[in-house]
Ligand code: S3P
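Only one chain is given next, in structure tokens, and it is the form predicted on its own.
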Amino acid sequence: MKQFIVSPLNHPIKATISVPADKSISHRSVIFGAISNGRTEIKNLLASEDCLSTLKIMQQLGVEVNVFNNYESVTVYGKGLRSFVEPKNILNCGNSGTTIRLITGLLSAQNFLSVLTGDDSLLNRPMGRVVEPLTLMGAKIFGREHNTKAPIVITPGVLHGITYEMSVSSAQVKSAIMLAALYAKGETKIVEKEKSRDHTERMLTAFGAKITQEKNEIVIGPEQSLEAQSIQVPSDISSAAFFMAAGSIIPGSEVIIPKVLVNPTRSGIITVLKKMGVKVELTNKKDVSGEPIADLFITTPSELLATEVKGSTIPLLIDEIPILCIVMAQAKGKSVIKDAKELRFKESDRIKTMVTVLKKLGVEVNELEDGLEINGLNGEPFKIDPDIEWPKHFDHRIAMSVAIAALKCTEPVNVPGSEWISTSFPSFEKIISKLQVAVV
């Protein structure tokens, strides 16, 4: 088992920290480039295990991809929507839910057999939410447990447009439907209860897709054609959130994180931290490849306040909730997270897993069906409970959340599940090591 030991900090964080490129945009830039006409150039692609799973699958489908300077630049040569070749082998999505769900939508319209699988964690994640709308569109998809789990087998089908009301707020499900809709006969309308991240809408529009949006409705025109683009991938706010949290809980800290994606459908963590008293300033704002970015400047508050997060805010920070739990555990008073049942269907059951993590850290916490109640320590260091075992999980965000908590702990922590961190943040351990000697 991998050893990643993080010791408590005995000094404030005064640092500029560069975080990796955005994972969601990296996935989509490769996929959309592969189905467009021409040469798509991608700058600053995230070379994490998840994104490389997507890239390798595009190559297995016959797409030419050239990589330069350790993924600083990636060129994807697309030949249109119907240019894929039948893969000779099973397509392995690794640990990536984005890969398997988006590519299921894409392959449901192809005229060949394909099989998608992944690691043990991915094989336990729900696929029925994607299979259902695609089947309604005419796709022929089969999987384990009554077509609800991978491996997924897709055979040729002819797709038609549908009107579909989303039962869960999920950008992955929405994107799978949108990719299938590009091939379908007739319009497809998607209705969201709560707005989820909109990278697919933004990027497909940039590639020339005919999409109209009004409130929570998205309409995709039939049988489309995409044209290659140049994409600059911004820094990932989900990765930035860990060091935003560190700057929030380590007294006297001042943290700058440059060129971070601040898309309104992703920036809920900024809103909540401000509500808790953290000073978060956005400077050097600009648009890059259709996405808003800014430099973030985080200053530790004199007092960290408890808060409640629920309703329409949840989709805007769903991936940041594990690290937000760590910040809440340092606040004054009881914080509450509600309406977040979707957390139970991530790389781990993040509600149950974070409850165990917080108890291990000496925090009073109650597990709710759709969230958590956290009694904050009012700035007191975390104290490891020797009678509670760390949870066993396959979850990069849980591991990184524990590592940040360890910076404010009474003793060093051997971070559980650290082998999964590279799925999204390959440089995380190096940054933590530099923080511990006060140089970044």
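Position 1 is the first residue in the sequence shown; the rest follow in order. Bear in mind that the values here come from a model prediction, so they are computed numbers and not experimental data.
Beyond the structure shown, there is the form predicted in complex with the ligand, which is absent from this document and is the topic of what follows.
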(message) Taking 4.5 angstroms as the heavy atom distance cut-off, pick the stretch from 239-247, 329-337, 167-175, 68-76 that is near the ligand in the predicted complex.
(response) 167-175
(message) Counting any non-hydrogen atom inside 4.5 Å, which residue from 95, 98, 114, 253 sits next to the ligand in the predicted complex?
(response) 98
(message) To verify the annotation, which of these, 150, 304, 318, 139, has a non-hydrogen atom within 4.5 Å of the ligand in the predicted complex?
(response) 318
(request) Verify the contact flag for residue 197: yes if a non-hydrogen atom of it lies within 4.5 Å of a non-hydrogen atom of the ligand in the predicted complex, no if not. (result) yes
(message) My question is simply whether residue 129 lines the interface with the ligand in the predicted complex - judged by any non-hydrogen atom within 4.5 Å.
(response) yes
(request) Check whether residue 418 has any heavy atom within 4.5 Å of a heavy atom of the ligand in the predicted complex, and answer yes or no. (result) no
(message) in the predicted complex, does residue 28 come within 4.5 Å of the ligand, counting heavy atoms only?
(response) yes
(message) Suppose contact means any heavy atom within 4.5 Å; which members of 247-263 contact the ligand in the predicted complex?
(response) none
